[in-house]
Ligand code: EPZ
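Okay, here we've got a single chain as structure tokens, the form predicted alone, with questions on binding and movement later.
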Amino acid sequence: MKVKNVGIKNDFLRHSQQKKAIFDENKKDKFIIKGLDGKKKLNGKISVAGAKNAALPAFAASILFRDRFCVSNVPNIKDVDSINALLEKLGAVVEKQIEKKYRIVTDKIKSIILDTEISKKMRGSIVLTGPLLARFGKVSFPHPGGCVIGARPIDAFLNGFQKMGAKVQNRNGKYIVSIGRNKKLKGAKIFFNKISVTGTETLMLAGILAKGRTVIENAALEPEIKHLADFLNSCGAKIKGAGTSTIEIIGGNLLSAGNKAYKIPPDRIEAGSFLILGALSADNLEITNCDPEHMKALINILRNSGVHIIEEKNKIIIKNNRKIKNKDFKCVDIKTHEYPGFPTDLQSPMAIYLTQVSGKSLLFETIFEGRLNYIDDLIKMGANIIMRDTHRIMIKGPTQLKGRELVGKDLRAEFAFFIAAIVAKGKSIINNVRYIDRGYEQIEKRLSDIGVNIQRING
């Protein structure tokens, strides 16, 4: 039996409610940024934190371990706090040992119900459902929330669970997924009609304790998936093909890490955000603790546009950067695509770059229908942008951006506003900072260290 409209029903209503919630959030905290007026004054080094998109599935994977699970290089962000709070409410013990290192023990979990309030604030909460179902045979959770970038149904997750032998119910706005007492998930062949990173991670984790062989086809290729799978294999999992479009998992018993700790890889999206900022506003900038191999799409596009970039093993360098409005900096067309293509998470920061280079650029967002919702604010700052449709915009540059008051509508758009404010003439105020706190660690300190005039005002 297929799930019909479970996860899609009321998505657009839910999307509208989440969008309204943006303006209902406590907006007492704000950032004040004094712009550089197009000058390239930023210099120094900025280090990349551990990847948010690797940390969340890693914490979820702790449920699959019979003993302690240690994880290091954890970013100090709100989403990590939230997933740890979810684990603790289930009955897990989460201890912060030293800075950026955690120890999680999940053998005392007593609940299989994900907290509604926390889950509705973060999309990544859903990755917990696979391990909980696989280990305890049942899980209950609300529709996950997070950034308002379009309705995101969860049918891929629910259909996958059903193929593995689970029963799916929707009661009073909560999903209840169960496989029956003393039963196990069964290995199955699962094909994603649309590539899903979180879906790939969730079902891969579920397959580790399932009976038999699970195959995930049209799987996401993101490097964070392979990085986690390699560690899980060292702890007893049997996963083949992670990092390719077909992943095979042979189910078995609970895992054991022994004395090993999983180290979160660097955040390639954060590194890419800093690279775009550097291309616009830095004379000399080193972006350290990153892997240039995971950022090829962005690096190639910036090079084609005229940015001089030096790649080293664990860092990227922008050196003797010329004035961006120089005609040597050319317009480029952008089309977002799943990894290894141009990341949708860097689409909004790249839009700021395109406002400053010469010529007309077409930006085509192919992943989310609501991810161009920041455009009106850029136009009010002075950007020359024409909306072709809900997925495509034409940007003509260069234009002088002017500081103004802004409200972030999602995590990546909010950082794009940071970049716009730094490039702009005058002062900008950025409200609704809950988004930036979800994904960027101590952002005001790190930006200040390279020369950004930024101040956080606490309510």
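We number the residues from 1 along the sequence you see. Just so it is clear, the model here is predicted, and its values are computed rather than measured.
Another form, the form predicted in complex with the ligand, is not on view; read the next lines as being about it.
The three residues I276, V357 and K425 each lack any heavy atom within 4.5 Å of the ligand in the predicted bound form.
Heavy atoms of T344 reach within 4.5 Å of the ligand in the predicted bound form, making it an interface residue. Heavy atoms of S281 never reach within 4.5 Å of the ligand in the predicted bound form, leaving it off the interface.
Although the partner is absent here, S62 lies well away from the ligand in the predicted bound form, with no heavy atom inside 4.5 Å. In the predicted bound form, the ligand sits beyond 4.5 Å of every heavy atom of S361.
Contact with the ligand in the predicted bound form, defined as a heavy atom within 4.5 Å, holds for exactly one of S305, S119, T336, T198, namely T198. In terms of contact with the ligand in the predicted bound form, the residue from P131, P349, G124, P266 that brings a heavy atom within 4.5 Å is G124. Contact with the ligand in the predicted bound form, defined as any heavy atom within 4.5 Å, is confined among 392 to 400, 405 to 413, 426 to 434, 39 to 47 to 405 to 413.
Interface residues of 355 to 371, taken as those with a heavy atom within 4.5 Å of the ligand in the predicted bound form (partner not displayed): I367, F368, R371, in sequence order.
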